[in-house]
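Form predicted alone, single chain, as structure tokens, below.
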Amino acid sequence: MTRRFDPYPHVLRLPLILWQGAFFVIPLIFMAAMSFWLVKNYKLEPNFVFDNWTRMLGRGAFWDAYWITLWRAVLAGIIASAIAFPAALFMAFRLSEGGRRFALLCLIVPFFTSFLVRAYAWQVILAESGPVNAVLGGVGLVPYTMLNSGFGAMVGYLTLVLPLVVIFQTWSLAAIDRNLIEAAGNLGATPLRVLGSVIIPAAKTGLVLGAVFAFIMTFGDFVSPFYLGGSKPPTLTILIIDTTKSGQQWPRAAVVAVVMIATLFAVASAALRAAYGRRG
């Protein structure tokens, strides 16, 4: 018997498809096409040449920026996940439902303020004459250069992503069936064994998604490496700015952007398979 075509599910998907097409797919196609264009006399000329790709991918500066961006994004995801896990564990298993909602609200509140404003606040805190170095000097330690360094950039990255990672992990941990934990304890499992064999596998989806969101946001962040890291060494986002300022080379900047998006797609796809894939 032939099944009748039901248009209702497709109609429900239509707004999302239109939104993604208008604000993501079409701009992405345009940017990819622009990477093959040329700039002559500071004007864009539609073309189809590989000159921009060979110039950018053949530069050592591009690959230096790529690997430093990739490494910092991975490191930020690992550090944010490690710091967030104890807090999320406490919120999921020790706080009441009302207390957990209040704690999650407190994590959302920082996003009411522009991230650029928070970065400027960190500039004051991490400066050589700032409060952190004042405390270090008060206990007899040598002032540490935190601003305009990799450390400063990492502080900015964690400021950006840590609340989101805690929220992802808390939601995932709070959804775990408590009967599984009680059963493991009744069978003689130690708290550490319960954590490694029951809690972490059951919350795998939230843990992986939190880490990959931290990676994605860090990989494309411009504020932290520029205002707190001093652009030393430059990341891909800073390389895009520098490229556009150099003779209005938007096609070459588009090459960098396309490589970034391809990398994010690859990492996100691998993360989703790890988060939702079935066990063998």
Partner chain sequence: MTESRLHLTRRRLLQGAASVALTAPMINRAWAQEATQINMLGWFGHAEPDIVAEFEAENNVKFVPKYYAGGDNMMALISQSPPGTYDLILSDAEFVQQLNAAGYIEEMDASLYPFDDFYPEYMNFPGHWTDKTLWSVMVRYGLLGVSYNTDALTREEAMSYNAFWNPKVTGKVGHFDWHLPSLGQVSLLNGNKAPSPFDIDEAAWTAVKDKMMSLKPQVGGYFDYGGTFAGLKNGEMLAMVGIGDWITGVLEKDGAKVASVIPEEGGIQWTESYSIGVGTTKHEIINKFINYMLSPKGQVKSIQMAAYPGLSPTKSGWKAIQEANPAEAKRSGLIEGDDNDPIKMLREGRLFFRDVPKQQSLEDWNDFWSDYKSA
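This one's a predicted model, so the numbers in the text were calculated from it and none came from an experiment. Positions refer to the first chain, counted from 1.
Just so you know, the form predicted together with its partner chain exists too; it's not on screen, but the next bit is about it.
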Item checked: Selected contact from Leu147, Leu158, Val166, Ala92, since only one has a non-hydrogen atom within 4.5 angstroms of its partner chain in the predicted complex -> Leu147
Notebook entry, point to check: Do heavy atoms from each of Gly230, Gln249 and Arg252 fall within 4.5 Å of its partner chain in the predicted complex?
Noted result: yes
Margin query: Can you tell me which of 95 to 103, 75 to 83, 126 to 134, 158 to 166 lies within 4.5 Å of its partner chain in the predicted complex, counting heavy atoms only?
Written below: 126 to 134
Check: Does the 4.5 Å heavy atom contact test between Phe50 and its partner chain in the predicted complex come out positive?
Finding: no
Note to self: in the predicted complex, is there a heavy atom of its partner chain that lies within 4.5 Å of any heavy atom of Phe30, even though the partner is absent here?
What the structure shows: no
Check: Is the gap between Phe219 and its partner chain in the predicted complex 4.5 Å or less for some heavy atom pair?
Finding: no
Check: Would Ala61 count as touching its partner chain in the predicted complex under a 4.5 Å heavy atom rule?
Finding: yes
